[in-house]
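Take a look at this one chain, the form predicted alone, written out in structure tokens.
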């Protein structure tokens, strides 16, 4: 496995793995290894924020905090003048702790409680994205009781197929997320009957890990007609929330391909949104942070069965659930490269048969005690982690 592309995040030099040009075997955390950990290079996050800022039409990125709530990451997001997209009061409180202001916080989520909405209204959050008629009515009741106006966005389902895993598709007709287009008459009935709700935004989010950017174009074409129609009737409507969901290829670590995917999406934004008078918001998470961290683990045992050679690591689904939850792929790189190759099943320590990262993956030959790096762990690793089996949650370290 010799990787020498200068755009590749992973390269071998003198048989030692380098991550974004850092020799991992020389890192102090490897030399003093005790348990699995996440290793970040925040320069990768900064580079991606710079890419997004190249779109001159961007009003503001609201980073999808559910993808990563590591404080150092959030502080870098804040430093770049971005806001956050949150889905719970817990995420709101952490955002405030690291320095975000209420006007930086966009509140999404399908099950906002009375106490969460009360907090949002009382503290003048930037916007509440409403996802059902019942929620809109609840926001109205609470804002009337508190005698405060509240900025609301309507999350609409444009009913396009994101062509992603069913567990992370969010914009179809029967999704628990968002309002269907057939709900609009009932929505407008509520809006016309209240003086407390300020309709500020229409938004959509078609799903996560979307690789075909033309799907965004289809959604925008559907949504911009609705936006223009609503804007004629609601003078307060001045934000168009384009959601997030731009994916990465987990099998390809040439970062120029990620940049090209963003540039293709930016071109769609520039073409399709020309002439629309609004602040354009985006809510990316994975695309910003996934590449920025690797999960370092140690090989404990090699077990040979009749049909498999099983490499058992000291890290499992408690620290990276995605492969087990929806068969997500994460490339694994041994930190030491050898000439011989072998096909392995890669398993974790958790007492569940599903604690498998790969059923069959060809790698350079492994030995017990070797270290490995699991790629693209900057999104939905730490934020989905648990102490199942009372295994430790991976600590964060930085290059």
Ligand SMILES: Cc1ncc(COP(=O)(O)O)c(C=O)c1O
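This one's a predicted model, so the numbers in the text were calculated from it and none came from an experiment. Numbering follows the first chain given and starts at 1.
Just so it is clear, the following notes concern the form predicted in complex with this ligand, a form of the same protein that is not shown.
Remark: of stretches 261-269, 224-232, 192-200, 243-251, the one touching this ligand in the predicted bound form is 243-251 (heavy atom within 4.5 Å). This ligand is not drawn, but in the predicted bound form it has no heavy atom within 4.5 Å of residue 127.
A residue is said to contact a partner when one of its heavy atoms sits within 4.5 Å of a partner heavy atom; residue 108 meets this definition for this ligand in the predicted bound form.
This ligand is not shown here, but in the predicted bound form it comes within 4.5 Å of a heavy atom of residue 285. Residue contact check for residue 48: none of its heavy atoms lie within 4.5 Å of this ligand in the predicted bound form. Looking at this ligand in the predicted bound form, residues 69, 91 and 382 place no heavy atom within 4.5 Å of it. For the options 151, 157, 318, 209, the residue carrying a heavy atom within 4.5 angstroms of this ligand in the predicted bound form is 209. Residues of 306-330 are not found to place any heavy atom within 4.5 Å of this ligand in the predicted bound form.
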